[in-house]
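Consider the single chain below, provided in structure tokens and representing the form predicted alone.
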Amino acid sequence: MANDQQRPKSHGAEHAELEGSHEAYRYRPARQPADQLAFRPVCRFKLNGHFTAAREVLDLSPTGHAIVPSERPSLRPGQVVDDLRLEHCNNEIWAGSAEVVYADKDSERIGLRFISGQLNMRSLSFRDELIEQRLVKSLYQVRSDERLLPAEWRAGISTTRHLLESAKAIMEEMERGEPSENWSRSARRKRELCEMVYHKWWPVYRDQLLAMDSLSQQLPKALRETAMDYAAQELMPLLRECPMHSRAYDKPLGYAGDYVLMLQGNTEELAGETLYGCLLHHMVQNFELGKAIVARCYTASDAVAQTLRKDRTTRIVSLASGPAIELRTLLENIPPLEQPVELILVDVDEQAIQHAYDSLSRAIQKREDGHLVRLSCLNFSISQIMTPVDEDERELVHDVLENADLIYSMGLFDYLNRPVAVRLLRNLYSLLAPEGRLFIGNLKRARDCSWAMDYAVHWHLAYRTEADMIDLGTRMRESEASIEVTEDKTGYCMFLDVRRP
């Protein structure tokens, strides 16, 4: 007894105190009722020298199954069926010998136990769900869409797909004739090979995109979403090899135009594991909007350079900063600073901020006047700027952003409807210092790529015109503010330029 009291307490269960089941004393593996599967299994077995099929499979388990035979065979408990086969969706999922364990004369139910290995229930369930959920429903959806969508529009999608398939075939043929080490390790060679095909293929493909844009504008609004689903299903398998198309469609960070995609748009080396993928990347970079996302960086960088003050510290806020390519360009090109500069990055995406912070920090370290540049980051959403949830957030917004000489954004307003955009502009304007400036970018619609972005890639933007931008500025109701619209060199990215007196 003393020894028991001195025994250290166990960190696990005391097995002597465990109890068994109070309801099901005999263990049986879980059974899958066959009527709960999308496709009923078929059971065949040899009886009296020839194959017969069961009238119905009732249920299945890893170790056996129950059937109703098509006729009353002479199957008795203990009898072994040497050649039994189970099929599901025309595929054999189990074959071997089984023993009859019971035969119910009233219900005609016969139970068999496998004696040649177990049935993989997980594989059965996966196959059943895969075919039902993905294939059958997909085929049903295609048939349904074909009844709804105009034949001319669907024919246009087929032509678009054919042009992509033609480009893919050409680039694959080029790969077979060009050793991979020649192009995969040479950015210049990749461009050369892609441009050889691009200059011939792109004009035809562009005309088809323009045709699809016109046809799609004729669709009733009620069919737009159906048409987008149809286009994505038909075209995305051929567009996936492009790193920008696939990332925009998959949206791994929750939205299409994330910082990685912006980096892909600005990179000098084509990405893609195949030459066809590189061709598509090259194509996106040469879209009107592809060129605009590069050009707008230089426009924003110029605005930052123009704001630098010689009499005091300059405070610059980059809203929805993303990878901050324009600030890196600025730091690499501006002459020596005369006064300190505060660069404040604001983005809802922590990964984007981390990338931008690392990139800008390296650029600052390379400058002899790097000690004059102060870099800080705010991981905030626009809702936290417009409506802080508490006093701490309110103070943080004002402490970090107030008295800014320049608040600019290149791509954020592409995702904001007019009421939200106006409200945010009012908030930002209130944070400006005297003579401060708002510089807010927004893309125009470009017919050579906006259709594909909407319909195939599901990358939806709030495109605006110059009149729309002026309207946003007017709705701020700041009568003393100077309001203009500036374009980048492509003409496809406009900047609302608001200056505070």
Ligand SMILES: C[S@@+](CC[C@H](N)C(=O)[O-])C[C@H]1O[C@@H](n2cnc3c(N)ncnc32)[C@H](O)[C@@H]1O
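These numbers come from a predicted model, not from an experiment. Residues carry their position along the shown sequence, with the first being 1.
This protein has a second form, the form predicted together with the ligand, left out of what is shown; the following refers to that one.
Participant: Might T267 be said to contact the ligand in the model of the complex, defining contact as any heavy atom within 4.5 Å?
Facilitator: So T267 does not count as contacting the ligand.
Participant: Using a 4.5 Å heavy atom cut-off, state whether T313 contacts the ligand in the model of the complex.
Facilitator: Judged by the heavy-atom cut-off of 4.5 Å, T313 is well away from the ligand in the model of the complex.
Participant: Taking the ligand as it sits in the model of the complex, is A103 in contact with it (heavy atom to heavy atom, 4.5 Å or less)?
Facilitator: So A103 does not count as contacting the ligand.
Participant: Is there any non-hydrogen atom of S381 lying within 4.5 Å of the ligand in the model of the complex?
Facilitator: Heavy-atom contact with the ligand at 4.5 Å: present for S381.
Participant: If we take heavy atoms and a 4.5 Å cut-off, which stretch out of 330-338, 120-128, 403-411, 179-187 is in contact with the ligand in the model of the complex?
Facilitator: It is 403-411 that comes within 4.5 Å of the partner.
Participant: To verify the annotation, which of these, A167, L238, L375, V348, has a non-hydrogen atom within 4.5 Å of the ligand in the model of the complex?
Facilitator: Among A167, L238, L375, V348, a heavy atom within 4.5 Å of the ligand in the model of the complex occurs only for V348.
Participant: Looking at A320, L84, L360, L279, which has any heavy atom no more than 4.5 Å from the ligand in the model of the complex?
Facilitator: Filtering the options by heavy-atom distance leaves A320.
Participant: Identify whether the ligand in the model of the complex is within 4.5 Å of every residue in the set F51, H88 and W94, based on non-hydrogen atoms.
Facilitator: Per the other structure, none of F51, H88 and W94 touch the ligand.
Participant: Within 268-302, which residues come within 4.5 Å of the ligand in the model of the complex, counting heavy atoms only?
Facilitator: Counting only heavy atoms within 4.5 Å of the ligand in the model of the complex, the single contacting residue of 268-302 is R296.
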